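Single chain ahead, written as structure tokens, the form predicted alone.
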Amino acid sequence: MIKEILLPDLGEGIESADVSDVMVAPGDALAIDDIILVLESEKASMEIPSEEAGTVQKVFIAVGDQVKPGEILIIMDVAVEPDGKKEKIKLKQRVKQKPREKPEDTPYPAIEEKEPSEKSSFSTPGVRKLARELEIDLTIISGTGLKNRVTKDDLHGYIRAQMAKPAGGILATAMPAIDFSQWGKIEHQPLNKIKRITGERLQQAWQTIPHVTQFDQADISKLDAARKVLKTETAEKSIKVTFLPFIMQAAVETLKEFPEFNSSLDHTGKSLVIKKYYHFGIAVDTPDGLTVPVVRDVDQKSLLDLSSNLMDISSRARRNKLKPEDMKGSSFTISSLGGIGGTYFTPIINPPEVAILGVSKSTWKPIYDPETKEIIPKYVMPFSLSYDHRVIDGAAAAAFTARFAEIVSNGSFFKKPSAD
């Protein structure tokens, strides 16, 4: 006997649900209580069993469909018992509902992590949506549901497991394998060791430090004039004088007034280690990638000393001649893109430091002077300060950038070198 199997009432307040798994196909033989499909609603995950025994003739639903009570699920050729009687069981009582528990009350199981796969992973629409929002590849999670589908408990278990890992592996999301050649010609270019290591460090820093970036600008007209004079005076010394040594000295003066920016959290995260030394990490772009060698004792050096140090470390960085000690012990980092371009950017903090200064390309701008009531051309340097919000609040960061801009603009502190 041919019979339409309809979706029963799903319970109070549930007007529709998403089909997360279809367990039958035409030709399948079903016994009473065999599962036809699995539904996911906002209130419950439900398995819909069959109240009839027979053979599936046609399936009207697919994964991802939204269904309502009374809709046709399948057509069955129902087997009739010899005496013409069948056990009558209310389908409504057959719906196995699994009420959701609050996350804090749910003992999520340990989830096995797999290698990324090109194959799709069985999961409910709700789980897939959450995974997309968190940028988690479901193919790396071993599902514990029917047909190994990934349940919400599986996903939550995976997230909790990642958060429990050491900082180096926290929330490290695997990239899905994609065949880009299906859209055109491609070329594989493996990342070198420096780029891989730098990428891992930057990802760890971004994921473990609550970054905030403060933007500001400084009038460096006086600084520019001082630099040109210094270049003229030292032309015979073959020393390249850039803006960076001036910026480093200005940063030292500012850090002395705001010592928490020249610090690190200790291993407990409960105390601040204030550093009385000023060793600056300087981001250097090399053919192999970004490196951050350290210039030590910036507060004790003249502009020419710093210029010579910068020429030395930059040259050795580009020739892969840096030593391990050249990369250790920085208390503050400066990343300068002034020679390349751009207006502002958000530099990533170099752990275990708590702040990093990013300098962009300076340009001449017409600036209104409220004292003379004139518009005067000034050489303006945009800069950015990223800071660890666990240590530094917004008011302190704004005060720091304002003071740094004032010191740079004034220019009276610069340590002019003696002629050697």
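Note that the coordinates shown come from a computational prediction; the quantities given were computed from them, not determined experimentally. A residue's number is simply how far along the shown sequence it sits, counting from 1.
One more form of this protein should be noted, the form predicted in complex with ligand CAO, which is absent from this view; the next part is about it.
- Site annotation in the model of the complex: the residue of K275, K237, R318, H279 reaching within 4.5 Å of ligand CAO with a heavy atom is R318.
- A heavy atom within 4.5 Å of ligand CAO in the model of the complex is found for one listed residue only; from T208, S314, T213, S302, this is S314.
- In the model of the complex, no heavy atom of Y158 sits within 4.5 Å of ligand CAO.
- Although the partner is absent here, M381 is a contact residue: one of its heavy atoms lies within 4.5 angstroms of ligand CAO in the model of the complex.
- In the model of the complex, at least one heavy atom of T242 sits within 4.5 Å of ligand CAO.
- Shown alone here, H389 lies farther than 4.5 Å from ligand CAO in the model of the complex, counting heavy atoms only.
- Site residues S20, E47 and F60 are none of them in contact with ligand CAO in the model of the complex, judged by any heavy atom within 4.5 Å.
- Heavy atoms within 4.5 Å of ligand CAO in the model of the complex are found in one stretch of 227-235, 67-75, 249-257, 135-143, which is 227-235.
- Residues V359, S360, K361, S362, Y379, M381 are the ones in 359-386 with at least one heavy atom within 4.5 Å of ligand CAO in the model of the complex, listed in sequence order.
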